[in-house]
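First, one chain by itself in structure tokens, the form predicted on its own.
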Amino acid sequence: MRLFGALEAGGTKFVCGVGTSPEDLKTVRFPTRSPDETIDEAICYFREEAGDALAAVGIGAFGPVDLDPASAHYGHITSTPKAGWQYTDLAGRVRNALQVPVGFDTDVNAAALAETCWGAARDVSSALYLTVGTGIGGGAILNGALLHGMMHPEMGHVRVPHDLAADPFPGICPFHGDCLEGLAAGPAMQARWGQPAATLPPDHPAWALEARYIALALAGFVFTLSPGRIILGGGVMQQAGLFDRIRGELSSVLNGYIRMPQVLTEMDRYVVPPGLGDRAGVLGALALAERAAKS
């Protein structure tokens, strides 16, 4: 039996899995420490759990990452703010140690892939996955293919209209100040309101503002990428009622310009939570491994 290795490489934790499908994937998680310690632990796990049956490994990694196969830094985590991880050769170290093909992409692209294979977007050919938590990141599948270009999407750093009279908060992104992540990620909400987003009651004004910023960004993605479904994950999205607020704001921002049923009458099926829950990332890595084994 051929086994696939799946690695969701996050800034705070690594999730490793071995299996053949979502049904039999066994996983383990451990904290993200130094590159040497953390990558070596992942490699040891794959050796112990799969041995010679390991056919390929898929990696969905925090970024930014280099996805250009012609680049000397392909497979590297690049200019990340994560201390000690700048220009770490993640994919290369795994490939060289295990001597198997390695599929490599961003964690959010991997999550988008998983949701189209087995989750909330399995009935559409194009989908957008946006995670709103400690940071904001996005991935996309367009006509069955992961979206890549010069690098990978950095959807959390798009600029959204910021009415300083209504919201004088300057934003916390060290690069852009009031980009989407700087205004709407979990740490931005805590900095603006003085308490974690999870502790804010449903009727707090924070949630109307949060829905507005997310909807403004989503409208831009609807106009430019035209996804068949939008999936919103991450810790901030756990707030009861936030999805309905975002759907309403998105309808308002689009203002009837897009004359498609998804946004006119089916918004509750268009903007949805992940079908795979918190397994989307590691299952996306599994899908990357399957693709790598076939290439």
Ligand code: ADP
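None of the values given here were measured: they were computed from a predicted structure. The first residue of the sequence shown is number 1, and the count goes up from there.
In what follows, reference is made to the form predicted in complex with this ligand, a form of this protein that is not presented.
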| property | result |
| --- | --- |
| In the predicted bound form, the one of G92, G171, P101, P187 near this ligand [non-hydrogen atom within 4.5 angstroms] | P187 |
| Among the candidates V236, L250, L67, I230, the residue which, in the predicted bound form, approaches this ligand to within 4.5 Å (heavy atoms) | V236 |
| Contact segment among 163-171, 133-141, 214-222, 149-157, judged by heavy atoms lying within 4.5 Å of this ligand in the predicted bound form | 133-141 |
| In the predicted bound form, A198 touching this ligand (heavy atom, 4.5 Å) | yes |
